[in-house]
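Here's a solo chain for you in structure tokens, the form predicted on its own.
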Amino acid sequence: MLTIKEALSKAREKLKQEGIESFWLDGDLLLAFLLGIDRTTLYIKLDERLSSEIESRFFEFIKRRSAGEPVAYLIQEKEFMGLSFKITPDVLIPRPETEMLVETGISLVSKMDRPVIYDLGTGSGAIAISLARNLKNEPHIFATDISPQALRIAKLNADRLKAKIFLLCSSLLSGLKGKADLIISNPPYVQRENLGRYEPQISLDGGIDGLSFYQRIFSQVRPLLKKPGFLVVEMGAGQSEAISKIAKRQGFKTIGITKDLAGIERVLVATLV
């Protein structure tokens, strides 16, 4: 049987050979998960030997990761905004850059009294739940998704994290009534030709140009947004100019664009003119 140190070394080399950039971190996360310990404890136990069962399961994970399967789906967990979310292939894996979207939303409504918030396409519930956990002004948060499977995961996460949100099975804004102070969304924005193979296509497919959901959101949102009120969306690389034009055509003005750490214009804030 291999020691933890030996198993990690072998796994990292395999992942590196397959072009997995996060080969070091991924090996640690997968083995720590199987052992039920954190990474710090993993390094304390480097000289301990693995059982044959754990060793076999670990290298099966490494095989799947080498083929491109995301770590979050293997361990069914992902950290976002300091919270641990249950993740399955039914939902998009929360990205670090989406934390900027949440932080922007918090800054816009944190001083309002009981703000009404709509989260469109909630998936795992990461955005809605993070808002609920970080806002102290009794927000009323409604989260929609067209996928019943995704909503099941969102409810599980809301229950686990003790977040008060209301979940609706609907496409974007359909089914919502009344006006919101904040409408927030990380819509599908990947161009159809660039879709990956593991995450749900419905959560990624933004049409041929990646902009189809922005067209729908900006055209539908006016009756449901207070004035003043804010519409905040996440964007892909190179999309900010086109989305700003979509917003303008629908009677909105762009009041802020935030770049992520890679310099990509990632979050757009618009309001009704």
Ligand code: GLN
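One-based numbering along the sequence shown. Keep in mind that this is a model prediction, so the values were computed, not measured.
In what follows, reference is made to the form predicted together with glutamine, a form of this protein that is not presented.
Colleague: Of Met112, Ile75, Val190, Leu176, which residue is found within 4.5 angstroms of glutamine in the model of the complex when only non-hydrogen atoms are counted?
Modeller: Only one option qualifies, and that one is Val190.
Colleague: Considering Asp90, Glu97, Glu103, Asp181, which brings a non-hydrogen atom within 4.5 Å of glutamine in the model of the complex?
Modeller: Exactly one listed residue reaches within 4.5 Å, namely Glu97.
Colleague: Even though the partner isn't displayed, in the model of the complex is Glu234 close enough to glutamine, meaning a heavy atom within 4.5 Å?
Modeller: Answer yes; at least one heavy atom of Glu234 falls within 4.5 Å of glutamine in the model of the complex.
Colleague: Contact with glutamine in the model of the complex for Ser130, defined as at least one heavy atom pair within 4.5 Å: yes or no?
Modeller: Contact with glutamine, no.
Colleague: Though only this chain appears here, would Ser203 touch glutamine in the model of the complex if you measure heavy atom gaps against 4.5 Å?
Modeller: Yes.
Colleague: Taking 4.5 angstroms as the cut-off for heavy atoms, does Thr144 touch glutamine in the model of the complex?
Modeller: Looking in the model of the complex, residue contacts with glutamine do not include Thr144, since no heavy atom lies within 4.5 Å.
Colleague: Name the stretch: of 122-130, 146-154, 182-190, 103-111, exactly one has residues whose heavy atoms fall within 4.5 Å of glutamine in the model of the complex.
Modeller: Checking each option against the 4.5 Å cut-off leaves 182-190.
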